[in-house]
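Encoded as structure tokens, the following chain is the form predicted alone, with no partner shown.
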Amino acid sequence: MVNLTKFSSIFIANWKLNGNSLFLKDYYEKLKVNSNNCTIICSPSIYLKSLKGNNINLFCGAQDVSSYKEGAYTGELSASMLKDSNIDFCLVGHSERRQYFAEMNDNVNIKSSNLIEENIIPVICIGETLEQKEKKLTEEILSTQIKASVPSSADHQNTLIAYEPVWAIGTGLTPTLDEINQVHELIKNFDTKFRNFKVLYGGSVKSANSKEINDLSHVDGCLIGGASLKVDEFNIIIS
């Protein structure tokens, strides 16, 4: 399992449903990783075998995993299959999985547990909607999500948490820097169990705001969506 403690910051590129073979080739030719940081590329599952890692500061990641370990579940990919494909990280409970595919906290918990068993680090995503934020339910929603989604086997050495306010994803909107830092501090203090967890921020992260976000005292890196598809911009973010 990757040693998370040795990195000052962690950056994850989530390509979502984008990319092709030519895109991958060009991307890796231009990608410039920073030796002090951990960079993870999460591609669509069909390209997992084409991802490149150096086992030093560049790693391969998946966008989802099955909650089943094996059996008659057509179209699913298990945690052991991801491990067989040299995957070291996997997103779980991303807001789009929760919104469009009815992903529930208990399902995220099972998936994360299965990943940890295979020495793959789950990146457990949590976040509130705009309606929940306006009703001042952020703390309640995040507390419920993190406590129900994080398995008992998780700790700061084998699991990452990503805070991605749903209302900020792909909208160009972001919380203020103070809001981001306060929420990250809140997450780490829900329970002593989470105090040493690395918590990443995701939600309209781009080169123009990534440094200010990543420099916040309670932020340990960023989960980048759309901006990660532009390798030149992603290079600025991870530098």
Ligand code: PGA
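Just so you know, these numbers come straight off a predicted model, no measurement behind them. Counting begins at 1, following the sequence as shown.
Another form exists, predicted in complex with this ligand; not displayed. Remarks below refer to it.
With the partner left out here, check for me: in the predicted bound form, does some heavy atom of D88 sit within 4.5 Å of this ligand?
Although this ligand is absent here, D88 would stay clear of it in the predicted bound form, with no heavy atoms inside 4.5 Å.
Partner contact for E96 in the predicted bound form: this ligand, 4.5 angstroms, heavy atom
Within the cut-off, so yes.
So, in the predicted bound form, is G19 in contact with this ligand at a 4.5 angstroms heavy atom limit?
No, no contact at 4.5 Å.
Indicate whether this ligand has at least one heavy atom within 4.5 Å of a heavy atom of L160 in the predicted bound form.
Output for L160 is no: heavy atoms all beyond 4.5 Å of this ligand.
Identify, from the list I121, A79, V150, A168, the residue with a heavy atom within 4.5 Å of this ligand in the predicted bound form.
For this set of options, the contacting one is A168.
One stretch from 34-42, 210-218, 179-187, 196-204 that, in the predicted bound form, holds residues within 4.5 Å of this ligand by heavy atom:
This holds for exactly one stretch, 196-204.
Though the partner is not shown here, which residues of 210-239 have a heavy atom within 4.5 Å of this ligand in the predicted bound form?
Those in contact are L223, I224, G225, G226.
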